[in-house]
Structure formats: structure tokens, C-alpha cells
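In the form predicted on its own, a lone chain appears below as C-alpha cells.
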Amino acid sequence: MARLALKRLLAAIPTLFGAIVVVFFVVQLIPGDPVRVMLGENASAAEVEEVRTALGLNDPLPVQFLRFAGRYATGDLGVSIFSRQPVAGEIAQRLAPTVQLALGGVLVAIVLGVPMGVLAAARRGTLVDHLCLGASTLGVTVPNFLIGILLSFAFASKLGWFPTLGAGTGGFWSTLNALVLPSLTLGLAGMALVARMTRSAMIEALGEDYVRTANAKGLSQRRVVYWHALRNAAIPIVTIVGLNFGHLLGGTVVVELIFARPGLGKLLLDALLARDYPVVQGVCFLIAVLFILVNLIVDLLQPLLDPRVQP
């Protein structure tokens, strides 16, 4: 296991470098001058030039990139142009609500998607199968913002069961209560992907010889499906859940805006509107790092789920 972890960590280094390259150069394509936005339209050309020089924005692009990559290699994400605070500190303040939301969305996707996929596979070709496929298709096609608005209107505005805005007051139950509707909003799309992958993996597993042998022994259908088939279909399911976590991290931007959660999505949008390049770069890089870490965890889980997978 240690050898596998080391191998995957070494393989992640080029990916991290690629993320640094993409984050740096894509942000350079964003229109607008951050210094002009920061100082306002009434600032003189001399003032703008002075600030640009202080921030190193007048240096050649390769020089800027080398300085940028060197900082990121040491964990220094730079300083916000507007708040003049370290980007790492601003991200740390907003990280918890986003991670809570992403984990809540993954939990919803697993709790709803896996049973739906198993049920659809066990009842393949029946009305139950068609209903499950229809529900999963609906989860993919309906946009997050519409689901969020409908849930907020029904369960927050009308019934008053959950708060409409915010991330709670800091207590456990308050935080959990404020997390329910955003997690449902984010997790329903993920539920559709998990359900479809679970159905495909289960159909393949149910056609294997060991399942026919288990049926021939007279084992109950429930035991055959959940104990034998689902265990062997776990690897593709865990893989899609890991990939879905990265997808949900990106989807938190819209959901955090709908429910006014003070997370990375709100921070990223504010930074984009203000042309605060260091914050935009720091948030995008952190999302890439989290995605890589989740995929590393998935790779390490595979030999545990199936000993036939060689480290």
C-alpha cells in the first residue's frame, strides 16, 4: 500500500504542474486591468504604473510564471490585490462551508444513487427500472439553480423547515440544518451519475458465474444482490463517486450563490468580478489539488475493495 501511495504521489506531480500552468495562463486571458479596477477610473497613469510595477505585472510573462510557480511550490499563494491579505488565509476562512457542501452533496448522491442503481439492475427491464432511469435522467437535465430555487421555495419559504440563506451560526445542528437544502441541490445531479454507473456495474456483476452459483445454492435474492454482486461492483461505483466529488466542487459556485453560503464559490465569483487574479488563481489551484487528492484516495481504496487489483 505504501508503494502504491508513493507511486500515485509521484504521478500526481506532473498533474499539479499542469494545473499551475493552466491556472496561471488562463487567468492572464481575463479581460480588464486589475490595477485600474483597484485604483478606480480617476487614478492617474503614473499611479497605475507604480502599482503595476510593485505587483510585478510589468515583468515579461515567463518571468511572472517562474515567480508564480516558485511561490506555489512553497505553498505561497500570493497576496490579494484588494484586501492585501494572504490568499491562503482568505481561502482558509472560506474552505469549511465549501467542503461541507461538497461532502453533503456526495453523501446525497451515494444515499440516493446507489440504492436506485441496485434496484434498477435487480429489476432490469421492468417499470421500476424505467422509473429509476427516468429519475436519474431528470437529475442530470434539470439545472442546479432551478432545483435550488424550488427546494428553497418549498422547504424554506413555505414550510419553514430549513433556513433560506447562510451556513448556520456555528453550532453543529445549526450548520447541519443549513446544509440540508444546498446538499440536496448539489447532490441530485451527482445522484443521477452514481445511479447510472451503479446500474451498469450491477448488471455486469449479476451476469457473472459466481452469481449464478449463489442462486443455484438457493441463497435469497437480497443476499445475492447486496452481498455478492454489489461488493464486486464496488470499484466502478467508488471511482465515479470520487470523480463526482471533483465535479461537485466546481458546482458549489452556483449553489453557494443561491443559498448565500460564504464559501469558495462566493470568494471565486467576487474575485473574478474584481479582477483579483491572485485569489482566482489560488481558489482554482486548490480545487485542482482537492480533485487530485480525492482521485489518490480512490486509487488507494481499489486494492482494499478487490484484492485482485495489483498495487
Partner chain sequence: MNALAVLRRHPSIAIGGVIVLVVFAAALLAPWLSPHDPAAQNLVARLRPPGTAEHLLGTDRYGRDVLSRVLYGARVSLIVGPASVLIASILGLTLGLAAGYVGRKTDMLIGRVFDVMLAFPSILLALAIVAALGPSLGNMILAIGLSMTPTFGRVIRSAVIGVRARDYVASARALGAGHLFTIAVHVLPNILSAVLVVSTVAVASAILVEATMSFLGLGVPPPTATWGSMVAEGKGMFLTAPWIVISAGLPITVTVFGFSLLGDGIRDWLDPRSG
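Quick caveat, the model's predicted, so the values are computed rather than measured. Numbering follows the first chain given and starts at 1.
Omitted here: the form predicted together with the partner chain. The next part is about that form.
Annotated contact segment (heavy atom within 4.5 Å of the partner chain in the predicted complex): 152 to 160, selected among 72 to 80, 234 to 242, 98 to 106, 152 to 160. Among residues of the shown chain, L267 is not one whose heavy atoms approach the partner chain to within 4.5 Å in the predicted complex. Put simply, R275 is close to the partner chain in the predicted complex: some heavy atom of it is within 4.5 Å.
The closest non-hydrogen atom of V26 lies within 4.5 Å of the partner chain in the predicted complex. For the chain shown alone, A11 is a contact residue for the partner chain in the predicted complex, at least one non-hydrogen atom being within 4.5 angstroms.
Residues T137, V140, T141, V142 are the ones in 107 to 142 with at least one heavy atom within 4.5 Å of the partner chain in the predicted complex, listed in sequence order.
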